[in-house]
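Next comes just one chain, in structure tokens: the form predicted on its own.
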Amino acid sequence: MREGAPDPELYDFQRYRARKPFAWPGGKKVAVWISPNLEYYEIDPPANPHRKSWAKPHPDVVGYAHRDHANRVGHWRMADVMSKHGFPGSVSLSVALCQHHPDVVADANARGWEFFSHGIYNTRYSYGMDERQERAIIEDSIRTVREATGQTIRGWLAPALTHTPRTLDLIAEYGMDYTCDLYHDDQPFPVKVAKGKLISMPYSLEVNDHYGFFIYNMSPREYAQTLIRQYERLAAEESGTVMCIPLHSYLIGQPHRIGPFEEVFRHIASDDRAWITRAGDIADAWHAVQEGAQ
């Protein structure tokens, strides 16, 4: 991105209604993928001068313990509901979880979920990193996930959504296929990088459970109804679309929230317009569509 540029210069502008319509495999209208954020938060992380890790003074025992519910309880409750209704996960992984709570990672892997990197810890940010440090995090992510799961990560969601001007160029250079850090479209789209190829995978802030409960102050039922409205609109569009449901199990895995949320899975799973899939499969299908259009 050039200093003083009027936009990020990461992608071209293309009007939604001017694009050639396409369908997903099997003629499906909307590709639905679930992104459980399996995260690890340090109770007293090193200070980053650009952003505080915790709102309260360290160590924030309350903030840490609230999020620790995810790995102790919430993940298992959320994952069982996902599996019950046939929804695989595409995991946004704090890679340090492979060492701190390997049984959580092993459970997700055994369920056939795929993994992409969400950095090492969700309390260590990319702001202020030099290229050497950023490369080390990418290399650590690739190596650690491969050793823990046998998978090679194909995507990236920056830790706590923090970036440097180099981030997208670097993940493409290391062979990754997609970034979840652009929220600009309801379809995958090419991203301009220095080397390799990269696409934006539609993730979501609008229907992210963190935003639903912490920003928009929704009740569990209001959040579930929002997801159903999101799905119905995307499934009714002329061309293929993508719906991502980003989840944090310390939120959605709470006993009072999981019941209304399960209704979302029942609704989508019963509709034959949905392609229930994973992010990597969406990337492969999108590339096939683009190659077929040439």
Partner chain sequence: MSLDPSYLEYAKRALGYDHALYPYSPLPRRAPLAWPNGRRVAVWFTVSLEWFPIVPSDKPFRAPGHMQTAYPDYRHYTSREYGTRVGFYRLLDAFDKVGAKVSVAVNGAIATRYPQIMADIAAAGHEIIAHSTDMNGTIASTLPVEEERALIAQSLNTLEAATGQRPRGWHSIARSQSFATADLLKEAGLDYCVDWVNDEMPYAFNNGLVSIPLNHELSDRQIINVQQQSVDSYAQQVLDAHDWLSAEAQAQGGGRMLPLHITPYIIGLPYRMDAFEGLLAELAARPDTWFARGGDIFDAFAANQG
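Computed from a prediction, not measured in an experiment: that's the story for all the values here. Positions refer to the first chain, counted from 1.
The protein also exists as the form predicted together with its partner chain; that form is not presented, and the subsequent description refers to it.
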Exercise for review: Taking 4.5 Å between heavy atoms as the contact cutoff, choose which of 172, 104, 207, 157 touches its partner chain in the predicted complex.
Suggested key: 104
Review point. Looking at 146, 221, 184, 197, which has any heavy atom no more than 4.5 Å from its partner chain in the predicted complex?
Key: 221
Review point. In the predicted complex, which of 27-35, 239-247, 253-261, 224-232 comes within 4.5 Å of its partner chain (heavy atoms)?
Key: 253-261
**Study point:** 4.5 Å heavy atom contact, residue 62 and its partner chain in the predicted complex
**Key:** yes
**Study point:** Partner proximity in the predicted complex: residue 121 to its partner chain, non-hydrogen atom cutoff 4.5 Å
**Key:** yes
Point to revise | Partner proximity in the predicted complex: residue 47 to its partner chain, non-hydrogen atom cutoff 4.5 Å | key: yes
Exercise for review: Flag residue 168 as yes or no: does it have a non-hydrogen atom within 4.5 angstroms of any non-hydrogen atom of its partner chain in the predicted complex?
Suggested key: no
Review point. Does each of 57, 69 and 95 have at least one heavy atom within 4.5 Å of its partner chain in the predicted complex?
Key: yes
Study note, to complete from the structure: Applying a 4.5 angstroms cut-off on non-hydrogen atoms, the residues of 132-153 near its partner chain in the predicted complex are 133, 136, 137, 140, 144
